[in-house]
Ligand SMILES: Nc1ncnc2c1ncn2[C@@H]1O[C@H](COP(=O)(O)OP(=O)(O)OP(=O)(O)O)[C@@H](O)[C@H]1O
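The chain that follows stands alone, in the form predicted alone, written as structure tokens.
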């Protein structure tokens, strides 16, 4: 996987840009608030994902303009391809001249991983951050997972609407029959999410542990565990029918609590991935350095799995990663990503100038100079 050329117009604070990166490490350097992260964000959008900064599509359009235009020439599956994005209130996309139904259909066509300081919430934030990471990573690995995720979210929204209506309804006759329909749909669609996450974590865990071991110089161990809401322990080998049955039972058992709350309190939308370092919760007890290293390990492991499954090395987008790391961790990362195409932002490029074959791009006031 390699970006050959990127052309942007009317995107955030960036002037019209044509970037022709090198095949290995590309350093985008400059002072803060010059547009470096915006450039990485633009590349990330070609994975089919939303802004990694949580921005709405309409916020990506330059002030005073009505539309952003992004065009990327890239190599994947041993051939040159081109993708384009047009952004107004939402994104529309095409691939090799063929319009797509949605920009999310680019998932699996162009693959990347991204790390920015905001991603520290992956470890120190709430469960929603870790669920979002798992779902986004698996969507790149298996684009069909996006459909399963959408089906579950639709069933969840409809069940929540019913619960809210029933909460304010005096006549509760027939409540059980109405809810039972959505309980079964939620269990069937939720089962696929749980299976996928268990399968992914079983591979992500060992890969992330090995990378974290390298980052910490072998002094600490990182362990990932999926924390399910199901009443019995589950594993990736458990049959889908058994997981669905357990989930259905858990949803049924929580019905009174759901009716009182007015929303669904049990399901994959409430589960978590526990990250432990040296046997302790990284969220509760990890130092900032440990948390940063854990996130890097998760992101680099994500790239490793993408390469193993797709045969393509995803592009790595590293936003202000090196400034908070000591020399040994910097060296480990640079050695680990030696054959990747990498885009890394920083204020001072001196630490990265020792890289053979790297390219530099100076960003100033939204321009590459």
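Every value quoted in this text rests on a predicted model; they were computed, and no experiment measured them. Numbering follows the first chain given and starts at 1.
This next part talks about the form predicted together with the ligand, which is not shown.
Residues placing heavy atoms within 4.5 Å of the ligand in the predicted bound form fall in a single listed stretch, namely 59-67, out of 296-304, 59-67, 309-317, 331-339.
Mapping the unseen interface onto this chain, residue 53 counts among the residues with a heavy atom inside 4.5 Å of the ligand in the predicted bound form. Heavy atoms of residue 35 reach within 4.5 Å of the ligand in the predicted bound form, making it an interface residue.
Put simply, residue 13 is close to the ligand in the predicted bound form: some heavy atom of it is within 4.5 Å. The ligand is not shown here, and in the predicted bound form it never comes within 4.5 Å of any heavy atom of residue 324. The single residue of 333-349 lying near the ligand in the predicted bound form is 347, the criterion being any heavy atom within 4.5 Å.
The Cα-Cα distance between residue 51 and residue 139 is lengthened by 3 Å or more in the predicted bound form relative to the form shown here. With a change of no less than 3 Å, the CA-CA distance between residue 323 and residue 287 is smaller in the predicted bound form than in the form shown.
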